[in-house]
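Just one chain follows, in the form predicted on its own, and it is written as structure tokens.
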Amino acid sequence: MSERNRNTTVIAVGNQKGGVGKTTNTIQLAGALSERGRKSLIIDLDMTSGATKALRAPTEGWISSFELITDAENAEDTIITNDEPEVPLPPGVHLIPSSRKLAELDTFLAQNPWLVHQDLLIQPINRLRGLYDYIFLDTPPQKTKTTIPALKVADHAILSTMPDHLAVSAMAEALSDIVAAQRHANERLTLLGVIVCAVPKPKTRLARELAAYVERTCVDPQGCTLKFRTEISRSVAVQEAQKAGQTILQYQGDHPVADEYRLLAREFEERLALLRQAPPIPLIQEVPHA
């Protein structure tokens, strides 16, 4: 863990609604990036421990993201690596697990009034920069005490949605949070893109309409859509892979959804490369509710 020669990009992944593929997309994208030779860290900031459970890591008895945020432990000591036999993580993917102790964050802040809430992740993430190509912050499906620190420290944000009116409506709230973070706390923050997942095959009329709505309304200031071209199809194989504690690429690497995540990983890195060459105006357009 002492090698610090990587150009780390920190990505906050979210939406203001649960069950929209946020955690699944985080894990599968990290797995697909691993096939491209990248090393990723997933930090589970949700007290329901979605990413932790999906990767079959313990939610009790281990150092967690609570200790990371509160600086109770050295940042590197909170990481579960690929060398841990009890938690067989996907290759090239490390994890800082969540725990129910995140519910104690309000109490911690009340007992430490000199701490600035929105700055809690700055020092821990700075200590982890250089160790990974990507650090994914898996945020809760609602605004909690970990959401604002994640947006304050992230370089980019990704939103996950699916062909569902409530999911798309919640995305508007998440975009408002990103805009507020850009204006008041983190001017370098940009929305990298929106992943539309759980798309039925063949596409229903609702799926087509909502995907088109996201493409049309979620745009940068130049009017270019921020929806990723690659859409992720609905498939029980992804759930089967998660039950096995694997990514779809490990579980069934020739599955069409595995290829979709490979395409998404390529598009993800292409979009990052373009931003590095010519950074756009950071503010995005706020999206009206569907």
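In this text, all values refer to a predicted model and were calculated from it rather than measured experimentally. The first residue of the sequence shown is number 1, and the count goes up from there.
What follows is about the form predicted together with a small molecule, which we do not show.
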Is the small molecule in the model of the complex near all of Gly19, Lys22 and Asp46, within 4.5 Å of a heavy atom of each? yes
Evaluate Thr230 for contact with the small molecule in the model of the complex, applying a 4.5 angstroms cut-off between non-hydrogen atoms, and reply yes or no. no
Looking in the model of the complex, any heavy atom of Pro141 within 4.5 Å of the small molecule? yes
Considering non-hydrogen atoms and a 4.5 Å limit, does the small molecule approach Gln239 in the model of the complex? yes
May I ask you to check whether Arg234 falls inside a 4.5 Å heavy atom distance of the small molecule in the model of the complex? yes
In contact with the small molecule in the model of the complex (heavy atoms, 4.5 Å), from 220 to 228, 22 to 30, 35 to 43, 66 to 74, is stretch 22 to 30
The small molecule isn't shown here, but in the model of the complex which of Ile96, Met162, Ala157, Met171 has a heavy atom within 4.5 Å of it? Met162
Contact residue in the model of the complex, chosen from Leu89, Leu191, Leu120, Ala198 - any heavy atom within 4.5 Å of the small molecule: Ala198
